[in-house]
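Take a look at this one chain, the form predicted alone, written out in structure tokens.
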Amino acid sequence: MLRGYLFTVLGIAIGVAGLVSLGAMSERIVRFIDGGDRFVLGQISVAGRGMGMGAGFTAGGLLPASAVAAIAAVPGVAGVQPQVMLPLNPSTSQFMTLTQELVLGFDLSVPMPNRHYRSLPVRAGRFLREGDRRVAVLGAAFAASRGLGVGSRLTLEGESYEVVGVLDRMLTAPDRFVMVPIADARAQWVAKDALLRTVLASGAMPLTASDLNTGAAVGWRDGEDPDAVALRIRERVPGVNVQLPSELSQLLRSSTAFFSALLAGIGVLAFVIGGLSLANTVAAAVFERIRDFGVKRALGATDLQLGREVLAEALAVTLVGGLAGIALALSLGSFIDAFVAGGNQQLFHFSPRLLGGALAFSVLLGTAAAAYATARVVSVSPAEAIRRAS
């Protein structure tokens, strides 16, 4: 039955593949925004001022131990985790990338204060533990791009690190992080930052190892408003940069708003064009069989019998074409992520709702187009149908 609909199936497959691919790009952006939003709303990010090469939500200049202690003493604060966040390679431009490759050092003596990420999901191996040295946990995209796994060795600033864990793919910033104990991150900071080495060597600032923090993640007590606690820290602790969770969330969403709007517009356009193309393809396939329908009606076939036959064929054709389009989109997305993007980041996210929605859309629209075309065909007399086909 489907042999005569080969080109119809191919046309539907191409249309559905385009819809699914654009939808998957949009889903990826949505997941990135939602993941980042969930992260920044789960903690108060505090950064030091002044010199430094920090990057990201909880990094800046120097946040000494005295400032960490002062933050912990602010009413409403439940926990303060010092962190060191550094660019993996300061000489590499991160322009037009969703996230940077960063080294993130945790003070493992303090529980992670982020309310939405009390622990990061580990796919293989384990997470960092207090007392660890020269070990690393990798984000999923970072590990995939370099072919690293549990037990592999990674060289950072001339030091060899054992990979003890790889995170689940989170489709947000940690996918490209290298997480290490804070003592190791401090050593990397000194190795990377010539200005910091100069200050330490000159003795101009009395610094100890505990003073070498680029920022801190701060939690709040139950019942407290995180923005109010952040404002309290800003008022009571001088020399620090405090990000209000709501402001940081808004900044994240506004910074990606253009790309979200662009993809949404392209997706709507593709939805309309693809839908019209699919409907036209199915309708044209039905109209091409007008002579067959005329002959069958002349031989006594009823309109109901013809309608059932056409709808059954349309359902089969659109189902096969939709599945083929989804398979084509999945193959294309996997190829681009693996080879074109180099495994550094995932550009497509094929969620179950996207795949199910695309298949349902193709079947329903194809069936509706077939029903419309059949209604037009049966309105023509058998003799006229045969004459038109001739």
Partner chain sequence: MLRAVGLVKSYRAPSGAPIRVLGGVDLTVKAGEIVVVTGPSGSGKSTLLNVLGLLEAGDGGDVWYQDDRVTALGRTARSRARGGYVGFLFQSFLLLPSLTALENVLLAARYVGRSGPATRQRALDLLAEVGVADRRDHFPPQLSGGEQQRVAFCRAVLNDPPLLLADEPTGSLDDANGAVILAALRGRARAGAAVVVVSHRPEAAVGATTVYRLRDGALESSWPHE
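Each form is matched to the other, and the largest set of C-alpha atoms that superpose within 1.5 Å is called the rigid core. Remember, predicted model here, so these are calculated numbers, not experimental data. Residue numbers count along the first chain shown, from 1.
Unshown form predicted in complex with its partner chain; subsequent notes refer to it.
J.: Thinking of its partner chain in the predicted bound form, which stretch from 140-148, 212-220, 302-310, 80-88 has heavy atoms inside 4.5 Å of it?
T.: So the stretch in question is 302-310.
J.: With a cut-off of 4.5 Å between heavy atoms, is residue 262 one of the residues that contacts its partner chain in the predicted bound form?
T.: No, residue 262 stays farther than 4.5 Å from its partner chain in the predicted bound form.
J.: Looking in the predicted bound form, any heavy atom of residue 289 within 4.5 Å of its partner chain?
T.: Heavy-atom contact with its partner chain at 4.5 Å: present for residue 289.
J.: Using heavy atoms and a 4.5 Å limit, would one call residue 231 a contact residue for its partner chain in the predicted bound form?
T.: Heavy-atom contact with its partner chain at 4.5 Å: absent for residue 231.
J.: Answer yes if any heavy atom of residue 199 is within 4.5 Å of a heavy atom of its partner chain in the predicted bound form; otherwise answer no.
T.: Close contact is absent here: in the predicted bound form, residue 199 is far from its partner chain, nothing within 4.5 Å, heavy atoms only.
J.: Quick check on this chain: which one of 195, 316, 207, 298 has a heavy atom within 4.5 Å of its partner chain in the predicted bound form?
T.: Answer to the contact question: 298.
J.: Taking 4.5 Å between heavy atoms as the contact cutoff, choose which of 25, 371, 378, 14 touches its partner chain in the predicted bound form.
T.: In short, 378.
J.: Can you list, in sequence order, the residues from 197-219 that come within 4.5 Å of its partner chain in the predicted bound form, counting heavy atoms only?
T.: Residues within 4.5 Å: none in this stretch.
J.: So with the core overlaid, does the Cα of residue 303 end up 2 Å or more away between this form and the one not shown?
T.: Yes: residue 303 shifts by at least 2 Å between this form and the one not shown.
J.: Any CA movement of 2 Å or more for residue 312 between this form and the one not shown, core superposed?
T.: Yes, its C-alpha moves 2 Å or more.
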